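Single chain ahead, written as structure tokens, the form predicted on its own.
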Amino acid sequence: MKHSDNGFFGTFGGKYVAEVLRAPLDELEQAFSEAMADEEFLHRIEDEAKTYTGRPTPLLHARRASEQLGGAQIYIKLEGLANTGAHKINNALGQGLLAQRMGKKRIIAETGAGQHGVATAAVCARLGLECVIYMGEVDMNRQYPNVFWMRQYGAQVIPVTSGSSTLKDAVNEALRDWASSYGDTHYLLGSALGPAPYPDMVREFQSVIGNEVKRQSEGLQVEAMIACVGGGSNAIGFFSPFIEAVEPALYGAEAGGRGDAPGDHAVRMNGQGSIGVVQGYKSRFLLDLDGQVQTTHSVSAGLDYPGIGPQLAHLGEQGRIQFCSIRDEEAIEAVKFFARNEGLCFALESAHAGALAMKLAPDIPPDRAIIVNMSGRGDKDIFITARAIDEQQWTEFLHKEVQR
């Protein structure tokens, strides 16, 4: 099932919200349906995607990486070359244009790793819309370069200090804002989760990734496609044209964090998560015995989320997507590997997918291909990756900068 059935993918999805949010969600659902049937609107998105986003992004044959690993030929979809450095711009542009079409003047958004915040702020600057970004204080500290750029694009970045001060708490604050301001405000949700119609809407705006890959990979014998999965926007867009086919195999790389104990990872599938209703939708979440959302951990802020998009949860239960967990140290090793062998700077989120490709490739014949979605560049992660790879030199550099 590619599209939802009245907001549901099997038993997952829905619109479990307070009455105050029913009206804006119904308005959004109708506006989205009408816009996607409007050729002029679709042409505007396509034109902006070409001239502003920089689409299509390349599909790179990673020859040296393939030789080093042996086995399958690895191809990498370079979403990091899109404007603002990640796939997030696809959805931000689509929703920004939709909000403008609806007559909204103000945009609010949540962000974890900051790439969605940067993309939203950039689109708002281009469209002349007021922009407010909610971001967990923990994420602001570890992803400060993205906070800097959001502010340069004119966004107001509001630190969230409640709960664990990460992505789930930023979502909560954005929903509270929207409940009291929806008359002139659009909530530009960044992932394929939340109440309907967001999972369908975000998938459609991100499906440009998979549609390009389908054209670009003609003639290849594709064995597997791999994407990292937090909420799941890059994954569901990447997989979208292939969901209803039998092949290729689809793999989602979740954040295995630093261990298996509660609070040390963000693995929701393969029996780790529990079915629940959180933040307006039914899916698999990391919940404690009392049904409360657990603390999560990942070296990558964008995967540090306790839930997963409802369509991905459904596809996982159906067996169409296989989910695997990747530890923090494996993601760091993948950053180093692709930097040294392909000259690519993987975002820590995307490096989880790269790490899974490194595991799978040796066991696949060399006449077959693996396609990895490099959902973003790793420039934003410099304060994390530099410390993890060469802590002494990085620390010395920072001390010198502070003393200037």
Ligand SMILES: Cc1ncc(COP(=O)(O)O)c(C=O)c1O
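Being a predicted model, the structure only gives us computed values, none of them experimental. Numbers for residues come from their place in the sequence shown, where the first is 1.
The discussion below concerns the form predicted in complex with this ligand, not included here.
With a 4.5 Å cutoff on heavy atoms, G232 counts as touching this ligand in the predicted bound form. Mapping the unseen interface onto this chain, G252 falls outside it, with no heavy atom inside 4.5 Å of this ligand in the predicted bound form.
By the criterion of a heavy atom within 4.5 Å, S191 is counted among the residues contacting this ligand in the predicted bound form.
Proximity of G354 to this ligand in the predicted bound form falls outside the 4.5 Å heavy atom cutoff. Contact with this ligand in the predicted bound form, judged as any non-hydrogen atom within 4.5 angstroms, is confined among 86-94, 315-323, 290-298, 119-127 to 86-94. Interface residue among A331, A266, C228, A109 relative to this ligand in the predicted bound form, by the heavy atom within 4.5 Å criterion: C228. Along 287-317, residues G302, L303 each place a heavy atom within 4.5 Å of this ligand in the predicted bound form.
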